[in-house]
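Quick setup: one chain, the form predicted alone, written in structure tokens, and binding and motion questions come after.
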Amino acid sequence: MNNTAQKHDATPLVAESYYAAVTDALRTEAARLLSEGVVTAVIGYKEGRRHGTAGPAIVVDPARANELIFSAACVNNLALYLTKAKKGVAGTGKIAIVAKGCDLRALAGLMAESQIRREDLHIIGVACAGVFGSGADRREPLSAGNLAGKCRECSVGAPEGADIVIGTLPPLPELSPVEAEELARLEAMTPAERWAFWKENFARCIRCFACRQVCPFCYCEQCLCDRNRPQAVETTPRPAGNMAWHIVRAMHLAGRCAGCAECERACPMDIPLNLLNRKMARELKELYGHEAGLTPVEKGPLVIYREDDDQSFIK
């Protein structure tokens, strides 16, 4: 099947009954954990105000566990709520968190950076067939036609390392990897063409910082790019400042990004930020054999020095 056909394929990837069963099991587990005092809160998802949407929810009362859901609309990476940036959640006791496979990679990265401790978490893993892409018609079931690009080549649909995993995925169809194809197109460009590509995209940036606010790894209490004494990066949405901001952010995420693509989803200007993050991740894997988020004991190659490190980039 070609990519055009896949974009128009409305065949459901999983039955709606799958989400109903997962939601029931999730509510049962959350109520048990809270009523037995195993955790003080459960971070999960609840229905949004608009049909077919969902948003983050923090439940502390077992009687309200029935508010939790899981569906293809559960796009948010909930690992965000365990960082220093969300002081109201962390530090209140042991926390349960609902995690898709890509969210688990973010949790592993945060553990490696000593932002959270495994013993302070009860991870409720959910077998995920994928989530809706930006602009998808959420009135329809999840299909190849409305699936997020990152989910087309996901290898962690069945999460590993969780305290409990809810749901068993049926066999899923093989879909064309649209992000990998776009990355290959970008890599085939000349350096000048790539520079022009990113200049054009970054010129649309309005510096709303939605990408920063939604990223689990942007947990600094004061961002370098907010400082004005001295000012490291211009704060207004001008071309030079925009380019500097995105380059700084890409370098800060190199070897750390979990690939959840929340930055790209939150961007109101449709800048392909995950494409840049994936490019950085590929470079780190080729140069150092490192892939972020696979285990919480790994340290990124850009924060560790070894005497046998490749130094061929030094000119």
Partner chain sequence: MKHDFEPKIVAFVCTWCTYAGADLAGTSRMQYPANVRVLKFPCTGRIDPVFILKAFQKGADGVLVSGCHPGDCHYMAGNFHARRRFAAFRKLLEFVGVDLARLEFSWVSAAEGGKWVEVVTDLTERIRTMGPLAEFKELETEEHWSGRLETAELKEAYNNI
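Since this is a predicted model, take the numbers as computed values, not measurements. Numbering follows the first chain given and starts at 1.
The same protein also exists as the form predicted together with the partner chain; that form is not shown, yet it is the one meant from here on.
- Although the partner is absent here, Ala232 is a contact residue: one of its heavy atoms lies within 4.5 angstroms of the partner chain in the predicted bound form.
- None of the heavy atoms of His122 is located within 4.5 Å of the partner chain in the predicted bound form.
- Residue contact with the partner chain in the predicted bound form: Met251 places a heavy atom within 4.5 Å of it.
- Not displayed here, the partner chain is approached by Lys279 to within 4.5 Å at the level of heavy atoms in the predicted bound form.
- This chain appears without its partner; in the predicted bound form, the one residue of Pro239, Gly93, Pro170, Pro173 with a heavy atom within 4.5 Å of the partner chain is Pro239.
- The chain is drawn here without the partner chain; in the predicted bound form, the stretch among 162-170, 240-248, 141-149, 94-102 whose residues come within 4.5 Å of it by any heavy atom is 240-248.
- With contact defined as any non-hydrogen atom lying within 4.5 angstroms of the partner chain in the predicted bound form, the contacting residues in 169-200 are Leu183, Leu186, Glu187, Pro191, Arg194, Trp195, Trp198, Lys199, given in sequence order.
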